[in-house]
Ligand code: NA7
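One chain follows as structure tokens, the form predicted alone.
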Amino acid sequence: MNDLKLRTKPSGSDVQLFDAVVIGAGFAGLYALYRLREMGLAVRLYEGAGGVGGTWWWNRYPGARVDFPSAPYYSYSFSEELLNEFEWKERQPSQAEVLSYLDFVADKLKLRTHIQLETWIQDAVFDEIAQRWNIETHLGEHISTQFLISAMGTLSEANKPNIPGIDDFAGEIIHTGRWPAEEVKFAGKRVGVIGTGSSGIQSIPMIARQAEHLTVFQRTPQYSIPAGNRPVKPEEIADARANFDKRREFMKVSPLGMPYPMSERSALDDSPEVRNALYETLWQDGGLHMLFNSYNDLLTNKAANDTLCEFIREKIRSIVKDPETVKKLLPDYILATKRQAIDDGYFETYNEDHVDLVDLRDDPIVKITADGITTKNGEHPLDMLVLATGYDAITGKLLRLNPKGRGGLDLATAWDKRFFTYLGVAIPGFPNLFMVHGPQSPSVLYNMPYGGEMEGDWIRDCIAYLRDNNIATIEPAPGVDEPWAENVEEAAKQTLFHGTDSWYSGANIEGKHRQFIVHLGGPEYFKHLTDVAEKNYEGFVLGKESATLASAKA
């Protein structure tokens, strides 16, 4: 954790004053900046990367693309201008296309003058006397702000695995979540990939097309669905533009923020023949429609889930030629309770002569050496190592910042036993600190751009309420986190997610709490936000004293 402190109290002339500071220039951060600037606040967004985009700036690995169903719905919904003026090219947009979109948005909304790039916030301390956050950047800049908004992303703190000798490797080593901007060349190289989650499954076929030899080190076999990517048809874009309000109505009532009506049938209502015919049609079409447009109980009924599990296992058996490799690739967890992967020829890759699969359940890594990887059963010489080992998801980035709230309490200490929030947007003991896609919000299991808009609007309206009523601070009241945690837990119990260890519950990070921290209520979650606001922010403590407003001095 980052334990740096503000070393000295700078003089007033050395401190930059803002009403609000936003951290992170992804979808959520850009939207929060836009809305806060609209209010007339003095606001600055800080981003460590060299450009806007957040996760989509860093995740440049080969094959990276959107897994949400279809362009143009992985985008902002609030502006018809943005919808009408950006031309989406692919059904499942690539990383480069999403980044191009966010660059377009930053220019169109004239956000760049309020964004400071290549700047890491390394400390944030709440000053109880001034009722403001004191912030320090890695450049030594000092900032004072009334409100601090974390939009640092749920999949942004790359997880470097704790494997003996990992720092001894003499070749190139790259994490999929920190992929370099310059081209990475695989031709003529022996490449190893550790990890077969979403980033591994997307990148492995692309790397195999170039590498002299590829060795995949698989920790957990995965269910994966063909992406079915293709160019977006002009008539599809025209329809989306003409009917976007209708699509948004579907998004409002969808458990996952989907722009389409979801099935109302159980998988057990149909005969195996009818059911498999539907699965086959959706498999050929590709994308996550297989999960959401087939049956309504795949995530709530184990018997229903088993039907699709076996369909995909049978697909693996039919695609992969070598029986021993098939055995290694067959998953046995509950489908979609880990992040559901989509792919472009993933299983077919294992039919290539220059591709090997090492099953780490039977042949674990002993150590990494200067020349490659040693497993229990042998040596694997490598020139390049790709870590597709995921993230310290949802909480990792905020814990790395480790803000200090009332009484100097740091977040790592506050969250030592469990993660707790109120509504997923605020933390008891940390006044005027807001989170977008925080723990115990829908975050990664919802349409994130759309969810980020609704959470961003709630934060904007809350700040407007405070300013209109001359209120300096807002923070969750003591004890409100407990019923909220029960609410999150109750929503999860209605599903199959509790049956699987995954990064949704911290299982991929050594020493992290095993706690499911995604709110699965969908529209019910956003109703909670609305109800709390309409009751004058029930469950919050409002400080009546007035804080100095930077905008009033501008």
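Not measured: the values here are computed from a predicted model. One rule holds for the numbers: they count along the sequence shown, beginning at 1.
There is another form of the same protein, the form predicted together with the named molecule; it is not shown, and what comes next is about it.
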{"item": "Stretch in contact in the predicted complex with the named molecule, which is absent here, among 158-166, 427-435, 468-476, 453-461 (heavy atoms within 4.5 Å)", "value": "158-166"}
{"item": "4.5 Å heavy atom contact, Gly195 to the named molecule in the predicted complex", "value": "yes"}
{"item": "4.5 Å heavy atom contact, Tyr391 and the named molecule in the predicted complex", "value": "yes"}
{"item": "Partner contact for Lys189 in the predicted complex: the named molecule, 4.5 angstroms, heavy atom", "value": "no"}
{"item": "4.5 Å heavy atom contact, Pro442 and the named molecule in the predicted complex", "value": "no"}
{"item": "Single option in Ala130, Ala96, Ile319, Leu360 placed near the named molecule in the predicted complex, where near means a heavy atom within 4.5 Å", "value": "Leu360"}
{"item": "Heavy atom within 4.5 Å of the named molecule in the predicted complex - the one residue of Arg339, His213, Arg275, Lys397 that qualifies", "value": "Arg339"}
